[in-house]
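Presented as structure tokens, the chain that follows is alone, the form predicted on its own.
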Amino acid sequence: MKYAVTAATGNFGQAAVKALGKLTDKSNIIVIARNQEKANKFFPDFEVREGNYDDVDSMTKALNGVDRVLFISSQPGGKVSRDIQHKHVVQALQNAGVDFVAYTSFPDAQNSVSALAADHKMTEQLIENAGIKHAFLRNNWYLEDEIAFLQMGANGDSASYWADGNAGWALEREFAEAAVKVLVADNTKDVYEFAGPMKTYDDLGKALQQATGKDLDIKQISKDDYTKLLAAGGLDDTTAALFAGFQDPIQEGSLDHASTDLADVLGHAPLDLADAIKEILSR
């Protein structure tokens, strides 16, 4: 059985390859990345192939002889739009005759109102239409995405936020570990709603207090004020607006999808928030 992990040099991909290496022999694993030289440095003990989402032929060649693929979604904003990139990958999966694909998607992708869900909804539909056996891994929010909030608390006496909805935060490595467990499993579901327990920013703030041992001022402010706060902390206006926008899916309820799938696949509950925060802040 040959397994492949695409986009392997990203944070999720690196965690996935590491976890997969504990579940099967390294000789069974193919690492696929756009920058082969970079991937060779990250993964000296693995077979590395160049595969670029921008090009169908590149991905088809990279997937040749592969049985099961962890297809990690690309980041939006590239030279080639994400929807086109994902169409290329799905076509390459077909061309290469891949038996099974696990695809990292968005919570409740087919029904979500979030703008972030559109490309994922399309990709899920393409995979279904292609008739490829699959598991859609609808990942909730990586706790690492809250680094601005966490660092505010770690570096001072306050931590601010603007959104008041729920999110299922967990560590990115936990989502990656669950992904590869699905990848190697004999029996899988078509859809996994991967999430930690539903929590609010107030809950996250309390966990941050516990993790840092500081009596922090946790407060909700407006989105505009939050953006200005980030800019005052040294971010340029564009980056500040981008970081503030990370809370949009939480505010609109797009992440409020409780599920035990992550814990069930991992075989244990995700790390509690305080301990997970400690892990992030110690890096």
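Only a predicted model underlies this, so the values are computations on that prediction, with no experimental measurement involved. One-based numbering along the sequence shown.
Below, we refer to the form predicted in complex with a small molecule, which is not included among the displayed structures.
This chain is displayed alone, yet in the predicted bound form one of D83, D145, D202, E128 has a heavy atom within 4.5 Å of the small molecule; that residue is D145. With the small molecule omitted here, the record of contacts in the predicted bound form names 134-142 of 205-213, 92-100, 148-156, 134-142, defined by a heavy atom within 4.5 Å. Residue contact with the small molecule in the predicted bound form: P249 places no heavy atom within 4.5 Å of it. Using a 4.5 angstroms threshold between heavy atoms, H257 stays clear of the small molecule in the predicted bound form. Mapping the unseen interface onto this chain, N35 counts among the residues with a heavy atom inside 4.5 Å of the small molecule in the predicted bound form.
Put simply, A276 is far from the small molecule in the predicted bound form: not one heavy atom of it is within 4.5 Å.
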